[in-house]
Ligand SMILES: NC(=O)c1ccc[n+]([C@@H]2O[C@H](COP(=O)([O-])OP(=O)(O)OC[C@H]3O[C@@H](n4cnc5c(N)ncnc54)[C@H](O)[C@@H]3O)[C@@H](O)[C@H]2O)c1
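First, one chain by itself: the form predicted on its own, in structure tokens.
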Amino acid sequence: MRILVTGGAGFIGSHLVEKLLAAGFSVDNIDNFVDYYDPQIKRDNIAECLTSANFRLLEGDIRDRSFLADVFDSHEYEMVIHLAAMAGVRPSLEQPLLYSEVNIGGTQNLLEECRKSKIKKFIFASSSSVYGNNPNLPFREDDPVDYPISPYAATKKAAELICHTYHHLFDISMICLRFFTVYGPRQRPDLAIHKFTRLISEGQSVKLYGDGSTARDYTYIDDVISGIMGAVKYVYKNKCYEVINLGESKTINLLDMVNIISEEMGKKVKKEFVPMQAGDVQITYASIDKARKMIGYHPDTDFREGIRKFLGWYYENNKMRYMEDQ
């Protein structure tokens, strides 16, 4: 079976592509290598995939309808896994129109090509940010998500609705996966765990927004990938429209997160408390009952263990710099 993955050179995407190839799937990856962060990082992520005869890299933008038409006209796919997006809550406050163009318009462009090509299986990467400051803990998939507090969150909610529309009108089976703060090897350099690790290693102060009590449901990359693979199996066999949380169903507050990184690095951390940022939520906390029952999702990576694995990758990835510092 050939699967089209969008955003397959990114953090989550590159791990997923490797897993799909190892499972015997043929994979085409659309990526535009946007300079949100260094594009070479993403090229390095998929370097080994390029050696596989079952992998093809298709460089282009999901906003480009003629490019997408050529891709879908030239290749046959049984499933689309749509991960590509403009990511990040805070940057979306600065460029809300760009986020709408990519995350909403780009998603609908893909769904239109699926409709025209009669592709009936679609998985969409949504986000825990759609829950906003939901007072109900843990977050359940049937909770109201009508009050997003950032443009990024609003675009993900809008894309979920568009997915449902195409499911209803064109019988495309859909699963929307709400990811909860994914971390691990290859994590984007702008995300907190990666950024804090770099700052601590360099002896710089770490800015903590608020009083340190904000909390996140940190989810290790291997657990997320197992959840996506479970969704692949489910959507392949069933006609459906489902929204499913992929979290660890545990929360770590900001202070504890920083202290654990510091302890595992064996380095002291210089903390600098600054005001909360607009668009940031107080807590994310996933109910994963539905994921357990429906797609056999069983995350089992302890946060400290996950940090150790991330640090192993981080040191290996930066070993030349550390050698030069000695």
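These numbers were taken from a predicted model, which means no experiment stands behind them. Throughout, we count residues from 1 along the sequence that is shown.
There is another form of the same protein, the form predicted in complex with the named molecule; it is not shown, and what comes next is about it.
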In the predicted bound form, does residue 81 come within 4.5 Å of the named molecule, counting heavy atoms only?
no
Find out whether any non-hydrogen atom of residue 181 is located within 4.5 angstroms of the named molecule in the predicted bound form, and reply yes or no.
yes
Even though the named molecule is not shown here, does residue 34 get within 4.5 Å of it in the predicted bound form, heavy atoms only?
yes
Considering non-hydrogen atoms and a 4.5 Å limit, does the named molecule approach residue 206 in the predicted bound form?
no
Students should find that, of 62, 291, 286, 27, the residue having a non-hydrogen atom no more than 4.5 angstroms from the named molecule in the predicted bound form is 62
Checking 87, 235, 200, 114 against the named molecule in the predicted bound form, the residue with a non-hydrogen atom inside 4.5 angstroms turns out to be 87
Have a look at 251-259, 192-200, 71-79, 151-159 and name the one stretch with heavy atoms inside 4.5 Å of the named molecule in the predicted bound form.
151-159
Applying a 4.5 angstroms cut-off on non-hydrogen atoms, the residues of 109-140 near the named molecule in the predicted bound form are 125, 126, 127
